[in-house]
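Just the one chain here, laid out as structure tokens, in the form predicted alone.
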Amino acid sequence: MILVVLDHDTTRLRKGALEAVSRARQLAALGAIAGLVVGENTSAVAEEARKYVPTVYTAEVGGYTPERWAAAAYAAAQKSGAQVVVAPSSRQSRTWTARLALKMGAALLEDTLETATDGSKITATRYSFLNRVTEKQAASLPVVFTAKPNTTPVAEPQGDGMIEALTVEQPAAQVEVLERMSEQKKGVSLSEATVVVTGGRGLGSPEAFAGVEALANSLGGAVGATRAVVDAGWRPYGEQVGQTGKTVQPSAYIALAVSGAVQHQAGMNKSKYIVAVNKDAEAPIFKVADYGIVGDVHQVLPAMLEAAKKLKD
């Protein structure tokens, strides 16, 4: 049995959840698939989830804490008899999957690019050394693993499964959450976007990001930013791409006035196509770019916007 912990935004399944279902289906030799929806007011998401997995467990545990999510996943794994638990890779999943692996006495494989099984163990590949090396790992069952976003096709619906509510014993709180602030962001999620348009400090001002936003919107993508931009207060931390921000792997990554320090490259160098615009012909970003434009971003960006508009029309 394989359990998929289904990430959601309280109203719908996220793309990463459907990628995780696809990973589980690739391991069909290990048995049937069940899904788990954790949180509060999970009924709407569970209705969507049952189109993708034969059994959906729901766990009404309230707001997020690593202890609650780990306890819910453990209860679902015990109920279903799952020897493999799959979750989308994210900053949140990193905080609870280790706890779950400890409870299950399981191996933990994080940020996997692909997975396979011979029936007794899971083999997986992942990036290492700032995404410069691909390594292969193997672990005997039981296994908890996370699937890196944008590495697996999303699952297609396969019918109507059943929904079963779980009773989860609430763990003792190790940390008291005094306040929770959620970033209000419209449009495509940075982690799930197939196109990312990132602006660097070379744009010169926060106002210049209006052009970055316009290009991202034209291409149906998301806006990214470098650490220098975020540190300057021009953009929110949720948009930061790099070693200390988010790792993205879109089909197209457009870097505008981004120098391309190794810490930034660690977060985007596995994008399918990389397009760079920088006035410095020696900028490190050009070493990883598939297409490069040496020029003033304030002259190039309007031309890119015009080309994107014609393409859209």
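One rule holds for the numbers: they count along the sequence shown, beginning at 1. A quick note: this is a predicted structure, and the numbers were derived from the prediction, not measured. Here, rigid core means the biggest group of C-alpha atoms that superpose within 1.5 Å across both forms.
Quick note: we don't show the form predicted in complex with a small molecule, though the next part is all about it.
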Should Ala228 be classed as touching the small molecule in the model of the complex when contacts are defined as heavy atoms within 4.5 Å?
-> yes
Are any of the heavy atoms in Val84 no more than 4.5 Å from a heavy atom of the small molecule in the model of the complex?
-> no
Within a 4.5 Å heavy atom cut-off, is Ala49 in contact with the small molecule in the model of the complex?
-> no
Do Lys272 and the small molecule share at least one heavy atom pair within 4.5 Å in the model of the complex?
-> no
Which single stretch, out of 56 to 64, 41 to 49, 244 to 252, 28 to 36, brings residue heavy atoms within 4.5 Å of the small molecule in the model of the complex?
-> 244 to 252
From the list Ala289, Val297, Ala17, Ala24, which entry has a heavy atom within 4.5 Å of the small molecule in the model of the complex?
-> Val297
Exactly one of Ser191, Thr97, Ser89, Gln240 comes within 4.5 Å of the small molecule in the model of the complex through a heavy atom, and that residue is Gln240
Please check if Gly81 moves between this form and the one not shown, taking a CA shift of 2 Å or more relative to the superposed core as movement.
-> no
C-alpha of Thr10 moved at least 2 Å between this form and the one not shown on rigid core | no
Rigid core fitted, is the C-alpha displacement of Ile163 between this form and the one not shown 2 Å or more?
-> no
